[in-house]
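Below are two forms of the same protein chain, given as structure tokens: structure 1, then structure 2.
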Structure 1
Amino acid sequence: MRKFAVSLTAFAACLFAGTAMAADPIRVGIVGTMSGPYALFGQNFKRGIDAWVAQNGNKVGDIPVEFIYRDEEAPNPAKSRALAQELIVKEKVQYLAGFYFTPNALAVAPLLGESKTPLIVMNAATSAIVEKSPYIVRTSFTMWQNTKPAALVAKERGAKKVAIAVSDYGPGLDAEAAFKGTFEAAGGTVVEAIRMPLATTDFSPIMQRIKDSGADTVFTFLPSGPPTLGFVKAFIDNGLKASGVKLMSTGDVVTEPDLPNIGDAGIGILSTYHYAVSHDSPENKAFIDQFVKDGGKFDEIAMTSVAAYDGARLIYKMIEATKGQRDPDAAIAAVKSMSWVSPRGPVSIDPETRHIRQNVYLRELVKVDGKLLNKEIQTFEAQPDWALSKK
């Protein structure tokens, strides 16, 4: 009996020791639009991360990784800053990621240095965000990357007089500057530049201004969501498309989930973007298969899922490089110059700017086998300086 008691005690001690030695999980805070009008894109953050974890496990070596989600809902810098503070102080996250809107990401930047917390931006597209802290790295895109090719395509396809219409906040101002500078340098003329409040829902007066300008082409950017669908439908319903005015946009304006609502009237719209669900590669097929296998719907795949999938890759690399320790300098250093093949194509992290380098594709809205899709018809290979507002 005594021998059994001793053995049981020894077993319990070993079990306790094993538990005590188990690594504590690395906690990662994800801030995204999980509800409200932009919920699809925040939920895509989670779908992309879930796809990465399903394919690569929930541990880096022996270190468990736990993702904690918070809802920013809309452009609200004060709320996003408070959410980030809660994640850092209360939840003790070692990394932050996500952020759909630029103002929200900018509000969090001052917290990173003091708390020694790296931030992976998975959407917010203003070029200057990464300049606000050495602990920020981007896996999404910048407006400059996607807009400069749009201006080149417009000029190559005969546009002479362009009206620009953008949302009146950081990414929109970047898009306006990038298109105007590139198009005018190529010999084109910008006849109207309209900045639309983010809350705009009635686009008819804007369409009238465009008509009155005499523009043969419209370039536009709005953040993906209800406003983009409203703008495209107003462009069609107010007769601009029927009158021969061309619409050129970044891919944010014709996201795949919105295509059924745009309908056949949108066929022929051109956009420049760094991803299309139709991108033909084994990496994209594997990603989409996993997205759907995990319960996501094919028709709801948005670029934010790919940025989150790639962002999780960076987080795992940072954890591996630091052996789970809080060392933001080593973590950021580990991903500078990192390169891989993403579902969007070949990408890398620029060692100087911490922007992502990536191809940009000219896409045309077409109908194939009864289904609307953005078909890639031209590739602009990665240009590092295109990510920068100063170039």
Structure 2
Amino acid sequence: MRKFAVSLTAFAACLFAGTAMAADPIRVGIVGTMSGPYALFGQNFKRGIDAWVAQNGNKVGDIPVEFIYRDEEAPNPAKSRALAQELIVKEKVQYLAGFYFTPNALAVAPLLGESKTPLIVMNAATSAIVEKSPYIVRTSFTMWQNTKPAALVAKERGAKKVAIAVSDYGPGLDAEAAFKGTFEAAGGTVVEAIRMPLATTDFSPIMQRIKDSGADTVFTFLPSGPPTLGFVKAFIDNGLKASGVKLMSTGDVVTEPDLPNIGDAGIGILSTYHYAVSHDSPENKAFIDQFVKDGGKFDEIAMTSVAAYDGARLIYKMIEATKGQRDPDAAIAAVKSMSWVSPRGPVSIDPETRHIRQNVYLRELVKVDGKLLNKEIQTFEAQPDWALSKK
């Protein structure tokens, strides 16, 4: 009898939930850099999500999904935390996603447990973020993930003495540690490790130090934007390129929106990254066609749009698995070890770290039909975040 009562109640609850679901959409809060110097990347979040919604509809089953956007603007953890709190408490969002900057994502992590809200990080690339809460999944990349293959390539291509020059902040230090560790373990020598202040605009003194160090290869990481251009220009103007020194970087230095500014001088730069706009696959073509069809400019496609596109896929999967109920454990369980073919190539969510496993490509900057692009010439398959996973 008691069992019957329980099942009757459950049935009634389902009915009630069913009617409630039809009326109320599931809300998803997206926090990204929508204005200011990093606006391109935040707006790419929106474009990526829009592309997913255009292809898959704005409903999961018969549950409507609604995305709400907020501007994180700059690294400002207190502001991001307040925004996330507002989204959870006032807008009643069931999922949070986005976050361009690491400190902003870290600030939000403590809210997730109490509010039972899963967070899909669509950019912030410091390894430790996913360890801050069991409700965090990441669809972007980490510095370790992209940098380790760069060190292997350098070794493979005969580099003996490498100079490292990175921006002096978290991701830069990660890149330095990853490259140095991998390269030295493979038997190479790092002759110079330079940390450049983020605001550096004149790179000539740094080029001089690299010259003096006698390095045959330079590895660099700078956040994408004006400084990367200055670095590449200084590398060429100071005669390092002419004297045969090789330049390697992560793809952040040669993101597609920056290529027209770098110009022909950049041809030949090697970089390792998880996504190239020129990636040749039907999935990527469909994604880019949708992106452009919705009014996005081809030259403004950034990696954040793909991370958001894949993030939206995860959110749809979570909603499907939980039937629209707030159940973060079931939602996270549903996407752990999920694998699919993303516009960037085959990917999966690592069940241990909840970070995305993906191919990292070695690319060479080339000019095809008058257009600069990163041509993929070598693939490192299914790379984890090397800071969190050992294999």
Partner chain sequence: MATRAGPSGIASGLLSPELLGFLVVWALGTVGYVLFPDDLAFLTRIVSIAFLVLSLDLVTGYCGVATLGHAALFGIAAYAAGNAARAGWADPLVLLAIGALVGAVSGLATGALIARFRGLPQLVLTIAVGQLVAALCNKLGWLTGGSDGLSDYTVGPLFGRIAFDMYGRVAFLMSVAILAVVFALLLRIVRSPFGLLTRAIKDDTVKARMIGASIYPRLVAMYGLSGAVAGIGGALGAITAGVVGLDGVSFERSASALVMLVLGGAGNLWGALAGTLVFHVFEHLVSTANPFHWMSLVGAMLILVVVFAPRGLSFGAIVLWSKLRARSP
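Numbering runs along the sequence of structure 1, starting at 1. Heads up, when I say rigid core I mean the largest set of C-alphas that superpose within 1.5 Å between the two forms. All figures in this text were calculated on a predicted structure; none of them were measured in a lab.
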{"query": "Form predicted in complex with the partner chain - which displayed structure it is", "finding": "2"}
{"query": "Threshold 2 Å Cα movement between structures 1 and 2 at residue 117, rigid core reference", "finding": "no"}
{"query": "Rigid core superposition, residue 126 Cα moves 2 angstroms or more between structures 1 and 2", "finding": "no"}
{"query": "Core-aligned C-alpha movement of residue 199 between structures 1 and 2 reaching 2 Å", "finding": "yes"}
{"query": "Inter-form CA displacement between structures 1 and 2 at residue 242 - rigid core frame, Å", "finding": "3.3"}
